[in-house]
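What follows is one chain in structure tokens, specifically the form predicted alone.
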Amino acid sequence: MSRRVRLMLFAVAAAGLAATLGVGLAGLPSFGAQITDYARMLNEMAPRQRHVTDVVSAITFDYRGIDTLFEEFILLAAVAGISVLLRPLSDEIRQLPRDKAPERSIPPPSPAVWLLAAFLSSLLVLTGLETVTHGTLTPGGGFQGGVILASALYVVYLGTNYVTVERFQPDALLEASDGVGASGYILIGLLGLLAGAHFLSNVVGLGATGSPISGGTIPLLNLVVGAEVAGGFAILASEFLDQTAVIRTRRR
């Protein structure tokens, strides 16, 4: 496919996307508009029916849990596709790139920067875990917390170097986290069938409102989604860093 054809296809796709976004944005309610009857109904019913104080989590992982299942597998498919497309080929080798200005001396990161990166990374892990586990109480949950957890890897890279990240990155754990998180969502959904109800039915004890373990299956789904999102985004970062930092075409 020639460059001209690719640009034409991109222009058509971009125009269609722009038109779709324009129609969608034009139909949004104005700032401060009255909430809809559907939103008002959920605000009243969710705390009473699911014992949660964050209605968004009740919608995402309960009332519309099937939608979230497909969204999670879209991310899984994207990670798998990127991993296949960016895999090292037979004519590529892993080698650090040469500096375009070899006479220039680039000092390594100072110990203070290394220490700051380690501190911020640990803080991000703690914040991510708190966001995932408190998704039934406050705004947050598995998707947001998973991204925060994955960002800890980015901070280590920015504060140190790629070699350090590659040395200490638990690749097997990240891949297991991505797969277990995706399959765990289905397994939790099967609990409803085992209990004689529908798939993804909330059949676990709801607990007391205000507790991190309230909401039945909602906190469980938050955990598996957080694991899948964290592992997936960390794998994506690793694949892109490989392409930009160490994979080079083998000289013939």
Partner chain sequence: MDLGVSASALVPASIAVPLAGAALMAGFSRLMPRWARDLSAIAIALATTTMTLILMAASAGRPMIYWFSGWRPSAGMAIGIDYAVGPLGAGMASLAGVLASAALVYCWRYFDSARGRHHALVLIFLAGSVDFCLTGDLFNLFVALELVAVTAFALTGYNAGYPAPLQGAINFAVTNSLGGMTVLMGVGFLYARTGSLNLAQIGQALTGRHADGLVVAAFALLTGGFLVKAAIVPFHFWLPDAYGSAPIPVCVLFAGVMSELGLFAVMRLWVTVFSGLAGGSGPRMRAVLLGFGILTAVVGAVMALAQLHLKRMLAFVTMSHLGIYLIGVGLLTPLGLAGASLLVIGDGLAKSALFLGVGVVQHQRASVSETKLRGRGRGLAVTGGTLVLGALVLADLPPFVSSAGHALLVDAADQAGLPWMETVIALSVIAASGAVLRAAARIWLGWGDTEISRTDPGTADDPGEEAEDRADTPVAERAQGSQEPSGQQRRVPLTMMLPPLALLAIGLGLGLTSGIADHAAAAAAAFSDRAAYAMAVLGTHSGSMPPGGRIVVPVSPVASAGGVLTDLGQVLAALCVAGIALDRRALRFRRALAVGTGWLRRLHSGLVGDQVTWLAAGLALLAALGEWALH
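Numbering follows the first chain given and starts at 1. Since the structure is predicted, the reported quantities are computational estimates derived from the model, not experimental observations. Basically, rigid core = biggest C-alpha set you can superpose within 1.5 Å across the two forms.
Beyond what is shown, the protein has a form predicted together with its partner chain; the following relates to that form.
Visitor: Can you tell me which of 111 to 119, 124 to 132, 152 to 160, 165 to 173 lies within 4.5 Å of its partner chain in the model of the complex, counting heavy atoms only?
Guide: That would be stretch 165 to 173.
Visitor: May I ask you to state whether Arg50 is within 4.5 Å of its partner chain in the model of the complex, using heavy atom distances?
Guide: Within the cut-off, so yes.
Visitor: Is there a heavy atom of Ser211 no more than 4.5 Å from a heavy atom of its partner chain in the model of the complex?
Guide: Output for Ser211 is no: heavy atoms all beyond 4.5 Å of its partner chain.
Visitor: Although the partner isn't part of this model, could you tell me whether Leu220 comes within 4.5 Å of its partner chain in the model of the complex, counting any heavy atom of the residue?
Guide: So Leu220 does not count as contacting its partner chain.
Visitor: Going by a heavy atom distance of 4.5 Å, is Ala39 a contact of its partner chain in the model of the complex?
Guide: Close contact exists here: in the model of the complex, Ala39 approaches its partner chain to within 4.5 Å, heavy atoms only.
Visitor: At a 4.5 angstroms cut-off on non-hydrogen atoms, which residues of 166 to 187 are near its partner chain in the model of the complex? List them in order.
Guide: Those in contact are Asp171, Ala172, Glu175, Ala176, Gly179, Val180, Ala182, Ser183, Ile186.
Visitor: For Glu44, is the C-alpha shift between this form and the one not shown 2 Å or more after core superposition?
Guide: Not so; Glu44 is displaced by less than 2 Å.
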